[in-house]
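Heads up, the chain below is alone and in the form predicted alone; it's given as structure tokens.
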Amino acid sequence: MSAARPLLLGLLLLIGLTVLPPEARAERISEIKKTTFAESAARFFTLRDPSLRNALIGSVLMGISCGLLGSFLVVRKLALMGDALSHAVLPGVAFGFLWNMSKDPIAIFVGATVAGLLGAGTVHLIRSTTKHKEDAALGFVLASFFALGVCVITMLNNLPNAQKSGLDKFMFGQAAALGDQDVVLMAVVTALVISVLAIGFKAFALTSFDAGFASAIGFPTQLIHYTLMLLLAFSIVVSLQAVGVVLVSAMLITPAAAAFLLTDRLKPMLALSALFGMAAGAIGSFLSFVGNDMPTGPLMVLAGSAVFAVALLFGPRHGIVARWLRQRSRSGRTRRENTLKALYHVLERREFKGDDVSIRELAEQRRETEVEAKQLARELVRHRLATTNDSGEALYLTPAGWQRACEIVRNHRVWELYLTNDAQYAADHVHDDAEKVEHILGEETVREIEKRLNYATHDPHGKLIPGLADLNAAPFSGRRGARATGYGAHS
């Protein structure tokens, strides 16, 4: 509950902004004459216009509720559910208007909520009584309910006496048309969402990640699911005026999807998603205001999409740039380790007589040109794995380079022996697999495999396996006699 208190206090502040004195009010956004960007920006931050205040507060409230609920939809893999319910509420909007032939927020809220719950119930009915999966049921509800809503709204538009002003804005949204009643209703729904999720967080989290286990230990999973759907319907309905039926699903999913890329824990994801939703609402309102009546809903969605794009590109774990950097780092590390292994093989072939390896020998071992071998040598020097002589034609392994070279060779030969002894691979079929595994085997795994192999000293091809004495010794300290006799291969 402590995490929910700042959000609830913020709601009270936002509601207070809607009751500023009349002298602080100005014309609606749609009535403001064109001004310069600086003048519009200054006017935006003064919050003098009632329509601006309502649009901004409503957008921020919508960002909070949609961000929180969208996180659970993303975790539960129900992203299409938000899209389906947002379209399913449209006939409810129309029938709510028919209640007293006016755009009464309460009547529309009730009608749209009932329609949304009917849509969710229809999805469950189709899933439980037919062989169709959830995606097919959601597609059916989305299309059929939306089509019904369009037909009813078209019929209403043809009625001469209906006070239908603004009813068509529920299709694509018009945040500037939000009234005080709309904002208060959004605040109540947002407070309800925060409170219910804070009180039942453990239940919602457990059923989201493992519904089977939650049911087995006695959690009412169906009740929890439909509670979430009810909150989702509430949030969708109060968000329609701001972004419309077509775009409200984007405000549910986009902030949550961006947060999902930045964290693997649910609580930080909820906080980030709500923050991104608020930011998208505020940025969309600002751009709409300074852009001389640019559509607020689409700009909010574009702002949310920009946040998602940044998370997708620069997320620390799942971002494209981070993954590319990690892949590049792994590729460079693998290349350096293969070079170290080649140096070891050159030294081993001459029975460790001499501690230098010429560029020509490295090129021949790697089957590359001397130019390429010099590039590899420079890379080893840069990472302090080797040094060169004054002419740059000979390499000398540093202690760190020698240790890593021994580790890679040991990993390779231990894995080859493991495959031939335990997995019954042919000795001539293990090299390629060992070439890949040698770079990712951890020290504990290698120790366990060595123990399982009774600390064997030779690989399937009869070559010595470097042991602990080799890894811990200084480069070539007593190596000539040791390697020739096999002494020191294992401690």
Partner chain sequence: MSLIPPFDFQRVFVEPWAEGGALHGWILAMAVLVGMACGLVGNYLLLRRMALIGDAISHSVLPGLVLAFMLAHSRHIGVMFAGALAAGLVTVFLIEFIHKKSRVKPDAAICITFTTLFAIGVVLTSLIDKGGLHIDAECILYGEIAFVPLEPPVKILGRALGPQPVLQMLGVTAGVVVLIVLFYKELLASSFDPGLTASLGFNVTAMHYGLMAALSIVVVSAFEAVGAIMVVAMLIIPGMTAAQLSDHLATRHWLVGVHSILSGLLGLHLSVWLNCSMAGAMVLTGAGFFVLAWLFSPSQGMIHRWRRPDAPGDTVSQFQ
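Residue numbers count along the first chain shown, from 1. Because the structure is a prediction, the values reported are computed rather than measured.
There is another form of this protein, the form predicted together with the partner chain, and it is not shown here; the text below is about that form.
A heavy atom within 4.5 Å of the partner chain in the predicted complex is found for one listed residue only; from Phe286, Phe308, Trp415, Tyr344, this is Phe308. Screening His132, His383, Arg360, Arg335 for any heavy atom within 4.5 Å of the partner chain in the predicted complex leaves a single hit, His132. Using a 4.5 angstroms limit between non-hydrogen atoms, Pro105 is distant from the partner chain in the predicted complex.
Interface membership of Ala250, defined by any non-hydrogen atom within 4.5 Å of the partner chain in the predicted complex, is confirmed. The closest heavy atom approach of Asp264 to the partner chain in the predicted complex falls within 4.5 Å. Not displayed here, the partner chain is kept clear of Arg367 by more than 4.5 Å at the level of heavy atoms in the predicted complex.
Between 271-279, 138-146, 406-414, 235-243, the stretch whose residues reach within 4.5 angstroms of the partner chain in the predicted complex through a non-hydrogen atom is 138-146. Residues Pro298, Leu299, Val301, Leu302, Ser305, Phe308, Leu312, His318, Ile320, Arg323 are the ones in 296-334 with at least one heavy atom within 4.5 Å of the partner chain in the predicted complex, listed in sequence order.
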